[in-house]
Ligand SMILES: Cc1cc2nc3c(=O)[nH]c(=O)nc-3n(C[C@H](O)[C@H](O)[C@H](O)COP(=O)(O)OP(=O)(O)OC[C@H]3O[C@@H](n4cnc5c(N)ncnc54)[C@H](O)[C@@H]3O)c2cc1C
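Next comes just one chain, in structure tokens: the form predicted on its own.
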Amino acid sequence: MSLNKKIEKIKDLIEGKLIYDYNLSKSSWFNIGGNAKIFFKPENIKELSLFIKTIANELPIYVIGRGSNLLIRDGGFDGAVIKLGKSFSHLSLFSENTLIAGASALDKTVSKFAYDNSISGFEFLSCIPGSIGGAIRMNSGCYKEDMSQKILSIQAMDINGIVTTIPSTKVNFFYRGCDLSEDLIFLSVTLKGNIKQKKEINEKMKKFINDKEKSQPNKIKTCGSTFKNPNEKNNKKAWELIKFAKCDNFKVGGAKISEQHCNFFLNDGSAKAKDLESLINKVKKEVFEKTGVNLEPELKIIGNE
């Protein structure tokens, strides 16, 4: 049976959105990118498992969240793009200082939920625009805190559509990443914080948000930090290296660098994905030639040129 026939067969069994040749431009904060061969937004775990089992070994799969750290190339993605629906954004208390968050729950919403329940340790998430699934994969963090310090266990689905629970002790987290297989689809995570007074939590959240607004672009959709900060041996952050190499005024087509923070790249409204990728490569090359540091993108780039 052909793949299309297999997919048509399961269409009557699911309530989620399943679309062919789906335009992905609104799925990234850059608002650019080509089409996905298939786009699937499951309503629940059962539908997700059925879909995974149907297309296993037939098409590449990529799971997206809010698209706040994603550049989709102009040629689109020749495979299946999955975006988890509302039922994957659940939040609940497991114990006094422990919560469970669905993978599509927004980082800011998790931070607010923790605050409402007097749980500290998640204030930093109020500054991160993505969703929890992406935060796990990227080991997102800021202000000297990150996800690895909070995770107890992760619930995920493998390429066979089987759900498994992975304790954090079995995961190697590092700066902006982890060693978990790219084939795993994160479903939810159990997180542990500390009980504190709401006033203290609120003050910390406000400080983080104010500090971010002073130093980074806001009220415009960028895709966050373009490059990871180099390792500690270097001392300089990515933006300092970009500034030192005099790349901070570079522009390619409709892609440019933020005047407020030169590690934030922008679409002026007319950019193509190739403009942004060219700008990334241009800055990377210039910084290496001027400083000897090979900057590594923090931004995820997918699809065909």
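Bear in mind the structure is a predicted one, so any value in this text is a computation, not a measurement. When you see a residue number, it is the position in the sequence shown, counting from 1.
We do not show the form predicted together with the ligand, though everything after this point is about it.
Listed stretches are 93-101, 180-188, 166-174, 108-116; the contact stretch with the ligand in the predicted complex is 180-188, by a heavy atom cutoff of 4.5 Å. When contacts are judged by a 4.5 Å heavy atom cut-off, residue 141 counts as touching the ligand in the predicted complex.
The closest heavy atom approach of residue 76 to the ligand in the predicted complex falls outside 4.5 Å. In the predicted complex, at least one heavy atom of residue 62 sits within 4.5 Å of a heavy atom of the ligand. Among residues of the shown chain, residue 130 is one whose heavy atoms approach the ligand to within 4.5 Å in the predicted complex. Proximity to the ligand in the predicted complex, taken as a non-hydrogen atom within 4.5 angstroms, holds for one residue of 39, 264, 51, 250, which is 264. A heavy atom within 4.5 Å of the ligand in the predicted complex is found for one listed residue only; from 222, 153, 229, 89, this is 222. Looking at 37-55, no residue comes within 4.5 Å of the ligand in the predicted complex, counting any heavy atom.
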